[in-house]
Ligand SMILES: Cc1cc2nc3c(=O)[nH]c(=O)nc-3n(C[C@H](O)[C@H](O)[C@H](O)COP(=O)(O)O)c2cc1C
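Here you get one chain, nothing else, as C-alpha cells; it is the form predicted alone.
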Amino acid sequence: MSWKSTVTDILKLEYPILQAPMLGVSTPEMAAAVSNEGGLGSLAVGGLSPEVTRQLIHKTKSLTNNPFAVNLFAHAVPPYTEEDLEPMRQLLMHLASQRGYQLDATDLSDFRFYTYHDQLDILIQEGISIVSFTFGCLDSTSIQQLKNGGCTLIGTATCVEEALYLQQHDIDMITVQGIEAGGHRGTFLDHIPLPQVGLFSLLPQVKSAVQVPCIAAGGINSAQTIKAAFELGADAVQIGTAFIGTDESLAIASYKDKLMAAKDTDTTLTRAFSGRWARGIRNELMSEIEKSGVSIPPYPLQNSMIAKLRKLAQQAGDSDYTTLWAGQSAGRTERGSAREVFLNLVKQYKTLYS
C-alpha cells in the first residue's frame, strides 16, 4: 500500500492525515505531536489577538520542525448595538445565578473582536506555509499576500456550491465537511439553506465538481472510516473528535468522560453557544437557551457573550454549562497521547492491507 497523494506531495507529509483545528481544545502540543509523526497538525487561532496568535505559533515551532497548519476564521463581524444583546445578556445572568456562577453585565458587553485581517501580517512574518480557514473565504488581497509568500491555502466547504466558490477564488485545497463533523459548520453562503449533507454523499459530488485536492472531514475516527473516505475519492482525511480525549487536549475531564460515554444519538446541531450552527453533545445550558425563546445573536456575538460563563463552568469541571463539541462518532474516543492516537490510526490502517 502507499500513503502517497497529492496532499502528501504538496504539504510534504508522510501520511495524508490532518488533525482538525479545534479552538479551545487543540493546542501547540497536539499539533506538534501529529506533525512530528508525519501527519499535519493544526493550530487553531481563529478570533484570537495578534499577540496570542504569535505566542501560539512560536510555541508550536519550538516543538516541531515539520509543517503545521494555522487555522483562521474568515467571518465578518455583524453590526449591532448593546441593546440588541440585552435579552440574551439577561438570560445568561439568570442562568448563571441559578447555577451558582457570578456574572454581571460588564462580563457580557463591550467586546473586542479580532478577525483574520489582524493576524495576517503575523502569519506572513512567521513564514507559515499552510493556512486553513473556515466560516467563509479570505478576501482576494489576503489570498494573494499569502500566496506571494509560498503559502498553501485550505478552505472549508459543506456543499458543492461552496467548494466551487473556493476553487474559483484560487484556494489550493478544500476540506469537505460532512454533517457528521463535530464543532462548527463551515457553511458560509447565506443564500442557500443550511447544508446538512453527509460526508459519503457530499465527498463524491465535490470531487466530481472541482479539480483541487479534497480533504474529507466528518465522522472519521478509525482505519475503516479512513479507508472508506479514500475509496470515495478523498486525497486526505481530517480528524478532530478522536483527539479531544488526548493528554494534550484542553478539554476538561468531564468533557472527555462525556465523549467516551456518548451514544450515536447524543450529538445535535445548535446555535445556542456561539450563534453559528455547530455539533456537540446536548447538555443543560444548550437546552435552557434553546427553550428560552430568546433570540440568539449571530456569531461571534453570542460566542463572546457566553465566554465567561463557559470559562467558569470549565474551572468548576461542570460539563453541563460549557461547550461539548463532538462529531457523531464521539463514543469511540480514546484516552492517551495525541501521538498514540495518531500512530494507532496509522497502524490500524496498515493492518487492513497486510
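In this text, residue numbers run from 1 along the sequence as written. Everything quoted here is computed from the prediction, not taken from an experiment.
If you look for the form predicted together with the named molecule, you will not find it shown, but the lines that follow are about it.
With the partner removed from view, the residue among 32, 305, 44, 313 that has a non-hydrogen atom within 4.5 Å of the named molecule in the predicted bound form turns out to be 44. Judged against the named molecule in the predicted bound form with a 4.5 angstroms heavy atom cut-off, the residues 16, 165 and 200 are out of contact without exception.
Note that among 115-123, 89-97, 140-148, 178-186, the stretch whose heavy atoms approach the named molecule to within 4.5 Å in the predicted bound form is 178-186. Proximity of residue 220 to the named molecule in the predicted bound form falls within the 4.5 Å heavy atom cutoff. Proximity of residue 68 to the named molecule in the predicted bound form: non-hydrogen atoms within 4.5 Å are absent; the residue sits far from the partner. The closest non-hydrogen atom of residue 11 lies beyond 4.5 Å of the named molecule in the predicted bound form. In the predicted bound form, no heavy atom of residue 39 sits within 4.5 Å of the named molecule. Along 215-248, residues 217, 218, 219, 220, 238, 239, 240, 241, 244 each place a heavy atom within 4.5 Å of the named molecule in the predicted bound form.
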